[in-house]
Structures are given as C-alpha cells and as structure tokens.
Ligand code: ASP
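Coming up is one lone chain in structure tokens, specifically the form predicted on its own.
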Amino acid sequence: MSNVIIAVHGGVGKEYTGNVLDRAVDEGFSILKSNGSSLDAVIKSVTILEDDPDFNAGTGSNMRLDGSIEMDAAIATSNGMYGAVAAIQHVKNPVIVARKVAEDTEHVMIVGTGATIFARKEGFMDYDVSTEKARLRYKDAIKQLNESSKHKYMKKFLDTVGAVALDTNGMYSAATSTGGISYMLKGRVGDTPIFGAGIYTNKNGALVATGIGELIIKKLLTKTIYDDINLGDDPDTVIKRHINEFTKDIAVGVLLIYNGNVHNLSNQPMSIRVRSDSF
C-alpha cells in the first residue's frame, strides 16, 4: 500500500476564506494520485498561490521601502535536491526558477540581479508582479514609518506561502515562496530560501515555516524542529515548544509532514489545506 499526502498553507497573519487554497492543494494532490513526484506536486501548489494577488508571493508580493519588489523562493527534497532564489525581480513564479537552480546549475542559491539574469536565460519572461493591493499596503507602510521612528511589522495580510508532500516513492518535498515583510530594505533576504530556516527536508519528513524571517533564521527553526523530533520527541510537542519561544506579536507558523503525518502550529491565524490517500 502506498500513502500520498500534501499540505499547503497560505501564510501566517490572517485567516484565508477564499477557494484558491483548495484549488492549490487539489491540483497538487492530483499529481500525487497520478504517481507524480512530490516535488512536482508542491511546486504546482505554490505556483497557484504565487499567481493569486491575495497571497504575499509572486503576484501580489509586498513592496520594499524603495517601492521595488524582490522575492525569495526555495524547493527541497528528501533525496538531496535543493535550490533557491533570493531578491529576484520581475518573474511570475520564483519557485519554478528555484527548481531550475537545482536542476540546471551546480549552485544551491542565486540572488539579486544574478537571479533575474539567470531566469531570463532559462526562458522566464519579464513580468510585473505589482498589484493595487500591494501599492496600498506600501502607502500604508510609508505613512506608519513617517509617524514612528521604530519600524513595525505590518499585519492583516498573508505571509510566506508553502507546501509539503509525500509521494508513492516515499520522497518528501517542500516548496516555499514569499514577497517578504513590509519595511524591507532593498536586498533584504528572509528565511524562505535558507535551508534549515524557512525550509528543510530529510529522509523522514519535510517542513516549511512562515513568519518574521529574521527570527526564524536565528533559530534555524525547521532544522531544529526536525532534529528534535528525530530524537524521538512528539512532533506536536516539539513544534509547540519552539513556537512558544516567539512572542505573540511576532508571527510564526510551521507546517510539517513527518513519517507520513501532518503537523502544524502557529501563534497567529494560518490557513492550512490537507489531502491524503492510501492505495
């Protein structure tokens, strides 16, 4: 008997009530049911979220302080594949470019202008990811910044998106994509493309994180959680312990598949969709 499973999240910080998350998980699950790879499944799910302006990834990504949009994305599998892009601009689906980094180069991450140049060479066309919603968030951020000398993290919008899956061959995969947080300096890179921070895979599972990237990086959150679980600790207990290390005003969430079971926890609203089957 084979077990397939996929779980998709739309970001921490706000409950999502639309139907795009359902479509994302359903299309990823369809790939798994057709004996497709977990990598194909998670990338399919994440590209659907990147294409929807309600999510902070791809189209709809947050603007930085200078008004530009730079995005991060990564993919990883339990058989050793890993690829990422950071601060990439003017591409529709950064997560697919991240896969190209893994498949078509000897690198694991390409950043900034180099990532955009690489995408063009791989055939990705110039694409404007800005939206009216992003422009309104940007205006609000600048207004708040002018009213206070202390940077505040904007709330009431969805953060980094991600997906994890297990296929019929027993391979775990993860994919994640983000437009970052408000009040970002140009060139800022968060946890999303950093293996062991915003994304992690190993032989027993796959994890993605969402939230304030700087603190997730400092804790190497996904690898630390995986290692604690792999020592024999209960997955839900481990995730709760690490999530509780963040103060309530610092949004953070984790989505995990470990030994074929889904686990997730966040300290602010985080929408999850899961599909699984045995056959």
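This one's a predicted model, so the numbers in the text were calculated from it and none came from an experiment. Heads up: residue numbers just count along the shown sequence, starting at 1.
Same protein, other form: the form predicted together with the named molecule, not shown, and the subject of what follows.
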Item to check | in the model of the complex, Gly58 touching the named molecule (heavy atom, 4.5 Å) | outcome: no
Item to check | Partner contact for Gly180 in the model of the complex: the named molecule, 4.5 angstroms, heavy atom | outcome: yes
Checklist entry - Contact between Ile212 and the named molecule in the model of the complex at 4.5 Å, heavy atoms? => result yes
Item to check | Distance check, Gly205 to the named molecule in the model of the complex, heavy atom within 4.5 Å | outcome: no
Item to check | Listed range touching the named molecule, judged in the model of the complex by heavy atoms within 4.5 Å, from 172-180, 99-107, 123-131, 81-89 | outcome: 172-180
Item to check | Any residue of 180-200 that, in the model of the complex, places a heavy atom within 4.5 Å of the named molecule | outcome: Gly180, Ile181, Arg188, Gly190, Asp191, Thr192
